[in-house]
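This document starts with one chain, in the form predicted alone, laid out as structure tokens.
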Amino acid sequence: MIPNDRYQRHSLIDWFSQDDVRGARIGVVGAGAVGNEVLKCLALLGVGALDIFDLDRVEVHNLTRSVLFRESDIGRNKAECAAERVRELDPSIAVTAHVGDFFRVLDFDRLQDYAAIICCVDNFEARIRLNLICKLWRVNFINTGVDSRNAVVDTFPFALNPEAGCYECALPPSVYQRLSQRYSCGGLKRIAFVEKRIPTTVITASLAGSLAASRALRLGPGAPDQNAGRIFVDSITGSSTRTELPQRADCPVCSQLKAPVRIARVDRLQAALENLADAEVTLPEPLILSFKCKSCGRGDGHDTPLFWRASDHDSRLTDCAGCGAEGAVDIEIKDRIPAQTLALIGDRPLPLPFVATGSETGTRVFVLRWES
């Protein structure tokens, strides 16, 4: 039973269940401006548990948009600072800070404990990866976006409706074009590329954060709205729109990975793939399979693929370490490969937490034991 002293007024709200809120665990990825507002709202509402994921440190410019940070926090991890302030707001909340890339520190065995995961990051790669994870594990996914004037909140109720449209269903081709600008033609990050920063204010961050917290707590069993949708708010005019986000037939996620989804933890990937020789395997992030210099012929991975994580490298890898030729190295990078190719990994650990393979009859996910 929830004590009445702190939440007495909540008990007077006819559509609000304090017991349901107290029983919810929410994952918040990104503890910047929007993440601060999400955490503030959830803490004051009395959510039961919060997991906060962030790899960045507090900088001075964060202080104009982040209610949980103080000047004394500059240089500290955002996740740890936010967790401390949440405990100050309500010491009874079980809050855990996870410092690092969420993809490398997320506990995949506990994914389905989340009532929702709220994405408060400012890059498309992380959103795409979170969308895939939530789609496969049937975890409700809330995505946020802000600029200096507008706030956007997308809701993907995968726990209620596995056939709901996903984040990539709603992405226009221009997003993929923008992503390609960050990478060389081989798929490695351009070392000289400078990402354009979008200015924001605490006004749009607070709009997105409060809406995201509200949506996350309204996705329990029996929720009336079980379709993906987007809320767009103009902070200057006060106008808002609500649009449905239907599943797209050519979506790179939904067209490849269909329900039902079966998830299995495996110790040896090679053994798990023995009966899937003709299947294509979806990787949650691209891997480098091989490279070869066009000038001197130096290379590796052609007999046995390398299976290097592409995100660990940048465009300097295209410069040959043997002959010194700049930009002469051809690199094979894939995010989908045949199962028979992946099986060549043998007993080596794959530097990914899972892989998936889909067919018209459903999707199989293999969760791997790996070292980050």
Partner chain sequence: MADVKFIVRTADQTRKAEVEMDRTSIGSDIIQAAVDNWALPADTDYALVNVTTGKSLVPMQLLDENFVKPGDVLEVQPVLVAGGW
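Numbering follows the first chain given and starts at 1. The structure presented is a predicted model; accordingly, all values stated were derived computationally and were not measured.
Although it is not shown, the form predicted together with the partner chain is what the next lines describe.
A.B. asks: Evaluate residue 106 for contact with the partner chain in the predicted bound form, applying a 4.5 angstroms cut-off between non-hydrogen atoms, and reply yes or no.
C.D. replies: Judged by the heavy-atom cut-off of 4.5 Å, residue 106 is well away from the partner chain in the predicted bound form.
A.B. asks: Even though the partner isn't displayed, in the predicted bound form is residue 296 close enough to the partner chain, meaning a heavy atom within 4.5 Å?
C.D. replies: Output for residue 296 is no: heavy atoms all beyond 4.5 Å of the partner chain.
A.B. asks: Is residue 46 close to the partner chain in the predicted bound form, meaning a heavy atom pair under 4.5 Å apart or at it?
C.D. replies: Residue 46 lies outside the contact set for the partner chain.
A.B. asks: Please run the contact check for residue 197 against the partner chain in the predicted bound form: heavy atoms, 4.5 angstroms, yes or no?
C.D. replies: Contact with the partner chain, yes.
A.B. asks: Just give me the single entry in 218, 258, 178, 87 that has a non-hydrogen atom within 4.5 angstroms of the partner chain in the predicted bound form.
C.D. replies: If I apply the 4.5 Å criterion carefully, the residue I get is 178.
A.B. asks: Just one of 75, 91, 222, 173 has a heavy atom within 4.5 Å of the partner chain in the predicted bound form. Which one?
C.D. replies: Selected residue: 173.
A.B. asks: I need the one stretch from 129-137, 157-165, 283-291, 232-240 whose residues put non-hydrogen atoms within 4.5 angstroms of the partner chain in the predicted bound form.
C.D. replies: Result of the contact check: 232-240.
A.B. asks: At 4.5 Å, heavy atom to heavy atom, what parts of 104-123 sit next to the partner chain in the predicted bound form? List them in sequence order, or say none.
C.D. replies: The stretch 104-123, when checked against the partner chain in the predicted bound form, contributes 120, 121, 122, 123 at the 4.5 Å heavy-atom cut-off.
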